[in-house]
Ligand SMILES: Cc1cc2nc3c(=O)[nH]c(=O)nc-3n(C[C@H](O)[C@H](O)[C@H](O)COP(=O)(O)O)c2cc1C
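Only one chain comes next, encoded as structure tokens, the form predicted on its own.
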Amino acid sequence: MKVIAINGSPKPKGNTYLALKTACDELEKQSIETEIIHVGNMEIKGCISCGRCTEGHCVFSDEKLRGIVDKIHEADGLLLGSPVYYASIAGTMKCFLDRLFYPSRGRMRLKVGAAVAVLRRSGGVTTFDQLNNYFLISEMMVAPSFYWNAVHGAAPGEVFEDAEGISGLKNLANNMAWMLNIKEYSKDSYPVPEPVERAWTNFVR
């Protein structure tokens, strides 16, 4: 089994990376392969709602972005990490997530997802909520912890001074590993349910 972790911070080795690495280290202890991919420093434009998505990809994606998306589609779990910018997801990360999830067309369904927001002071809960919305609308299973996954730190490394936040990440990783194992061990005896055909309605007629 494998979990892809997405670092949405512009800084490759800042607190967002360290938070993700903390969770990934715990997953590795339970024989779950992990890979942290840094997207926060990439030049990614937002979705323009052109409707030309093909085979799970944005039509404008280059080879590098397509490769990242393919890795996520193949993985069993997805771990998202974003710094908090104005009580929200970092801009490049938002663009990446829109272009990952919108074309996915069921490819994310019932994967295990988890999110972490990394912040100096406040805005963590709103960012955490925004990240989880991608999971929920894509029918993913969201791994929980004993508190919202918002970890504090300003200068790189300060995140480790947030003892409660770090313990929450380790607990999150343990719960995520359990969910992944439950899925793996039960896949033959209890297959995933068939999706119900979706009815589309608009509020403006």
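Small disclaimer: the values here were computed from a predicted structure and weren't measured. Residue indices: 1-based, along the sequence shown.
This next part talks about the form predicted in complex with the ligand, which is not shown.
Annotated contact segment (heavy atom within 4.5 Å of the ligand in the model of the complex): 86 to 94, selected among 129 to 137, 86 to 94, 101 to 109, 70 to 78. Within this chain, residue 22 is remote from the site of the ligand in the model of the complex, having no heavy atom within 4.5 Å. Among residues of the shown chain, residue 11 is one whose heavy atoms approach the ligand to within 4.5 Å in the model of the complex.
Mapping the unseen interface onto this chain, residue 154 counts among the residues with a heavy atom inside 4.5 Å of the ligand in the model of the complex. Residue contact with the ligand in the model of the complex: residue 115 places no heavy atom within 4.5 Å of it. Residues of 111 to 136 lying near the ligand in the model of the complex, listed in sequence order, are 118, 119, 120, 121, 122, the criterion being any heavy atom within 4.5 Å.
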